[in-house]
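Two forms of the same protein chain are encoded below as structure tokens; each is given separately, as structure 1 and structure 2.
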Structure 1
Amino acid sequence: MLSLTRQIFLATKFKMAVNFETDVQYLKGVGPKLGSVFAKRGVYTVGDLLEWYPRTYEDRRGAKTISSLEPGQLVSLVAQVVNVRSMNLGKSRRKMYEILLGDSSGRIACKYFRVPYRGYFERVEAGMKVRVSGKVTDYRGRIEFHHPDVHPHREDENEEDVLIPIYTETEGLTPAKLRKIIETALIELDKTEKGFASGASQETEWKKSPKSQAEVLPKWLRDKYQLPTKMQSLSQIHQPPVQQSDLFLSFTSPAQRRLIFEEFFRLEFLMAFRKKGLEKEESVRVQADEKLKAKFLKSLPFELTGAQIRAYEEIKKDMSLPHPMHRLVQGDVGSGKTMVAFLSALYAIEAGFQAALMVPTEILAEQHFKNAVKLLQPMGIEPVLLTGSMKAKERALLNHRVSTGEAQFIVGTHALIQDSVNYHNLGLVVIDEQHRFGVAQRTQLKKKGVSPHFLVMTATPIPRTLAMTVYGDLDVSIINEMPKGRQPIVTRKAFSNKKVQVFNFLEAQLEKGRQAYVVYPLVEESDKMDLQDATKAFAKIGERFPKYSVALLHGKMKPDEKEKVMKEFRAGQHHILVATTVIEVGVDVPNANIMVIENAERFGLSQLHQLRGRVGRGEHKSFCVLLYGHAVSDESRARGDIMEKTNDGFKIAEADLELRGPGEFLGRRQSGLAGFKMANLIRDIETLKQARDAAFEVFEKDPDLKEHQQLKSLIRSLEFLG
């Protein structure tokens, strides 16, 4: 970006020749004060401003009255404020706000479960004429608005047939003012473009057309997918033609489709670049006659599922290639991913290479190590365990065994990639429960002179739509079958007034010799939320179950404290584990067959499923009880219904994506997804597929991007963003 001093000079010399890099405060009507308001929204340049997309549109065609409204309609109408009030939700401290509106035909409530911004409700008062825009909702037989846009009606307001863009409201900036500033930006950009066309400016820094600066997609690609230019699209979404109202309201207009395509393309292009880069790297070729595999399968007391065999065959094929495998194995809790990992490790070891299994915690590493000893020792393979807490002398001895190749299968934490660890001939690295093995860790291994194959395993089922985006640079294997004989977990939802009965049922399981989890959403009581907290509950549950040992586990404990509690629970020293979501991914405790999740309404669907996966890991029939508090939303009830109906993680993941969207679904994994300003992974799945095909086609046509310099600079910016 040009310095502010340079921009001021150029703005003076060329009468404010605006381009996409121009600081937004230099637009007419903005200035430093409003510029700081924009900055809080992450809007610094004119380009940023034009990418502040409307979240919907207000269709002012046809006058509407309250009595004519029907559920599902997206409408705009003028009405009068009857009153404004707030009220507590049940016994909680959370509040709901309501603006009651009326006209000659009836009344309708506008309800808000959160405050859009400070002072929002102070803008309107009883008797005031307002315009309300939003979707009509049927709530228990009555029509309502939930979180509509309400603003004072102006007498000079345009009442003609028009489509008005609606933006996310921001304190200190009225919607009308924002629309005016965007209109100014579009006009000034057009002036600049015409100035360039006539040769008015020869300043080298401003030579490029603002339109070409905005354009990322090459012309051949736009032509193939029938996409308008970026500037045409930006102009239309901010000033939409009323004749296309239905298309704009459903986000299917050519302009919106173009911008959605580009958002997907940016992410998929980076994925394609990384994937092509991996294919250029050299790696060891792993090939064996599979005698160990036959011996291993014969030793198992069960048969592998078809999905496990299929995943193994895909892995084996990848490892035979001269470039590194980067494959993700997705499988629900209990689907048998570990068996696939052991089979893959055996194949690498039989071919003369070492294999390593890396996990996030020491207790999980110990669990895998014990399983490896049990299953692989009969094959003549002696697994070793390497963790950060080992004493220096013990670690030095293990490092020697690893460096000489005596240790063929190494299980451990991130200690596996420390500088002190040198491998003799590492052929395969398996990463369990880590969603992404980063570039930095891969580089650390390369510095050791090894370029192994990588296998990433996750027990979090991810819908195909997300896998295409988040894991676009990985090949994906899916284990979607459960081993024979595995019992489904019985799940039931109940409200807090049934807690006595729930705990009586839990006690009955303890009397049978079983163990239990009781999960809470918080560690300590919060002033802002009326929720159960784990520390208080720990004391109360201890009083309720005096005959049994109760332990507490939460994320604020020190790592060694957490490890100690989990070891003791697994060993049967504790009967009840009171915990937060720190157990979402944890050890296998076959004797634990019941889980009670307090304030289940505070958990996402995928998280509930992951928590539930801590039980049902043994021979005993298992149960999960979802305990709900007060003021439970329809969405929370829907999550509970889904949990009761299915144990299938992939079905649950699809439902979770629809209910909550990709951002919350992925949490911290969403780096690329966080940049989506218009695209929607559910609504726009077909456009996503096209963008992915287009991204990979670019590299097929031009592997080194010699003919696509604009895209080469795009890679640099995307790699910087992560």
Structure 2
Amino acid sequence: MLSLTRQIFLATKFKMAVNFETDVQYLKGVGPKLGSVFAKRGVYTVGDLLEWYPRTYEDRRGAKTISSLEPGQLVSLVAQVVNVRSMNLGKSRRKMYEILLGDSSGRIACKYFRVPYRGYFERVEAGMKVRVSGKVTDYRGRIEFHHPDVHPHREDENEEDVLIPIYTETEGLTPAKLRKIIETALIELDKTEKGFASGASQETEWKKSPKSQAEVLPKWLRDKYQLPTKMQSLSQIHQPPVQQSDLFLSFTSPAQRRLIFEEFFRLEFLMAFRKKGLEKEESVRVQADEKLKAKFLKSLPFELTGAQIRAYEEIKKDMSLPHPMHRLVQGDVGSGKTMVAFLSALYAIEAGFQAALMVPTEILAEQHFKNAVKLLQPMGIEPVLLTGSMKAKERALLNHRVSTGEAQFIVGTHALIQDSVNYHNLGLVVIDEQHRFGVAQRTQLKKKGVSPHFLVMTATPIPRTLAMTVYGDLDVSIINEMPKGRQPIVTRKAFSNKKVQVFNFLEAQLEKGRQAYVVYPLVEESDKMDLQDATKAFAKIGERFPKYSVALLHGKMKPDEKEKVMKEFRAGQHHILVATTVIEVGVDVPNANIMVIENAERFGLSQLHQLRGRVGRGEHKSFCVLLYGHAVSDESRARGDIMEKTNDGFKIAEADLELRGPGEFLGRRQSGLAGFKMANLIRDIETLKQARDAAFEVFEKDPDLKEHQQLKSLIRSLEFLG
């Protein structure tokens, strides 16, 4: 991009045409001061400005009065301020703000749980005429607005406009000013475009017309999916055509669809690119005649489920191909993914390769290792355990066994991919309980000169539609069947004043020979929140159950201490394990059949589901009690209701997505996904599917993107997202 002075110089000299890359400060009516307001919002160029999409639209069709409002309506009306006030929320220091509005027909409260920006409430006062725009909400039988846009009514408002774009409120920039600047930008861009069309090419350093500069979607694709051009869409988004008002309000106008499509397409295109890239990569071919498998299956006390067999067959097929497998096994907690991992490892080992199993925690590594010793060693396979907490001497010895190939099945944490570890001939890497195996780790392994097959296993159920985006570059096997004889876990909510009864019930289970988990949200007491401290609770529980052995497990313990506790609990030496969420993933103790979760309101839905998955793993009827403290929000109660109702991880994930919205749901999972400007993963799911098909179709048609030069830049700009 050119510097501002250079642009101004060019502008004066050549009457420079405005383009997508023009600095916003150069637009008429902006300048350095507003420029810095824009910069704070990440808007530097005219292109950035046009991508500052309206949050919603104000619908001015039909005059409305307060008494005529219905819950759910998105409305805009003029009313008078009755009063403005703030109040404390309960005992906490958090505040709520209220602007009470009235007209001749009635009154309505506008509630705010945070201040939109400094000075927001100071702009309005009693008696003032304002325009309020927002969604009418029903709160305990009364209508109100939550976080509506309220701004002083201007007499010069053009009442003929029916749909007014509403932008996120920004300090130092009035909505009217922003609309005006955007209008200027659109007019200027149009002038530049016309200049190109007339052949009188501008004297600028840019050769492209704005229209072609903005466009990333090839014409055949736009035709196929009936999408308008980017330029037209951007222009309509800010100035919606009257006859499309209803479409715009429901985010289904061609312009919105087009912009949403592009957002999805950019992501899916990268997924498709990666997937196609992997198909071109070379790896070892793994083929064996499965003699070990039969022997292994005979040694198991149960039969595999159909879903386990299917997943294994898919894996086997992938591994026999000369390019690396990239498969995800998605199966709810307790569905038996470990068996699938072991079978796949066995297959690779029988074919003469090493197999590695990588997990996020040492507890889990130790557990898998123990299982491997029990199940695989009798078949003549040498398992080893590699973790970060091992002593250097021991590590060196193990590394040696890995490098000679003597160690065939290597279980461990991230230590497995460290530089000091050299594999003899690694054929398969299984990653358990991790959402993604990053490009970085893969590259690290490749640097070691190996290109093994990859299998990722996760118990985090993600609604199928989202799986497509989160795991879009992986093939997916779904284990949708639980081992025979499992009984659904009975889940109940209880308030903490019922703790006595809950612990009596727990004791009854211990008397039957079962074991129990009691889970706490945190390790140490924090002054801010009145959470129970696991350590203190541990002492209390010890007093409550004098006949039983109670152990404590938390994240701040040393790995070998943790391991010792887990080992003893597994062996039945402890009856109750008081733990923080360190037991969340993977831990498997079939005799434990009851879990009590304290301060359940502090946990998210998928976390509760993961925790609960520690019970219900054996033949015993299992229970999960969610204990709630005081001050429980409607949302945490809703989470508890869902937990009571279903054991199905997919259903829970869907409910979670609805409760939290895609941004937060995916937030920790993949940052690139939360950043959509207009697209909404729930509302726009059909468009997502089309964008995905389109992205893959491009690579079908033109694998090297010879005919699609403009799309190559998408790869460069997106790749750093990882």
Ligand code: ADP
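These numbers come from a predicted model, not from an experiment. Numbering runs along the sequence of structure 1, starting at 1. C-alpha atoms forming the largest set that superposes within 1.5 Å between two forms make up the rigid core.
- Only structure 2 is derived from the form predicted in complex with ligand ADP.
- With the core held fixed, the Cα of Arg614 is displaced between the two structures by 2 Å or more.
- His238 shows a C-alpha shift below 2 Å between the two structures [criterion: core-superposed Cα displacement of 2 Å].
- Once both forms are fitted on their rigid core, the CA atom of Phe503 lies 2 Å or more apart between the two structures.
- With both forms fitted on their core, the C-alpha atom of Arg544 sits 9.1 Å from where it sits in the other form; this compares the forms between the two structures.
- Superposed on the rigid core, the forms differ at Leu364: its CA is offset by 2.4 Å between the two structures.
- In the rigid-core superposition between the two structures, residue position Val565 carries a C-alpha shift of 7.8 Å.
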